[in-house]
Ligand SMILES: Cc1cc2nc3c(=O)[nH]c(=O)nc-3n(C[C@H](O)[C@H](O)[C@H](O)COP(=O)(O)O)c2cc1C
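A single chain, nothing else alongside it, follows as structure tokens in the form predicted on its own.
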């Protein structure tokens, strides 16, 4: 009997960095990880549901009110070995830290057994938004409850400015996920 593949819940929020997240999704599925995606409505303005479904082979969860999907926030939280919000916008980080659950990302976060399984966030935003006291307080709050915050990169940002706030590079993200999931799945 062969072991089941590692299971990753990949949640996207609305950022131009969604295109980089798609590169990571592709690499992770090619590496044999079973991936399911969750996308905010804003994320779906940057990459379509068809793209995410094509990369993972499974439908995207994007609306808690879709008929037949009312329990997806519970079922997906139990299914996955690791969850990562990538890209994690300032809006999403602040909403998670506040415990808001009126969208699929927030509902999944509150249904997640944070002390038993890892939940990661990969910030992506303008450097001023990242440095803002509200965002920093939210990141501190998330760390306090057990969320792993991946380091944002520094350099050219989509807005044309320079600074910290770039999404972690897809290759680095893939290596980190593989390191986390690889040894845990027998």
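These numbers were taken from a predicted model, which means no experiment stands behind them. Residue numbers count along the first chain shown, from 1.
One more form of this protein exists, namely the form predicted together with this ligand; it is left out here, but the text below deals with it.
This ligand is not shown here, but in the predicted bound form it comes within 4.5 Å of a heavy atom of residue 91. Using a 4.5 Å cutoff between non-hydrogen atoms, residue 149 does not count as a contact of this ligand in the predicted bound form. The closest heavy atom approach of residue 170 to this ligand in the predicted bound form falls outside 4.5 Å. In the predicted bound form, this ligand lies within 4.5 Å of some heavy atom of residue 124.
Heavy atoms within 4.5 Å of this ligand in the predicted bound form are found in exactly one of 36-44, 55-63, 138-146, 22-30, that being 36-44. Residues 13, 14, 15, 16 of 5-22 are found to place at least one heavy atom within 4.5 Å of this ligand in the predicted bound form.
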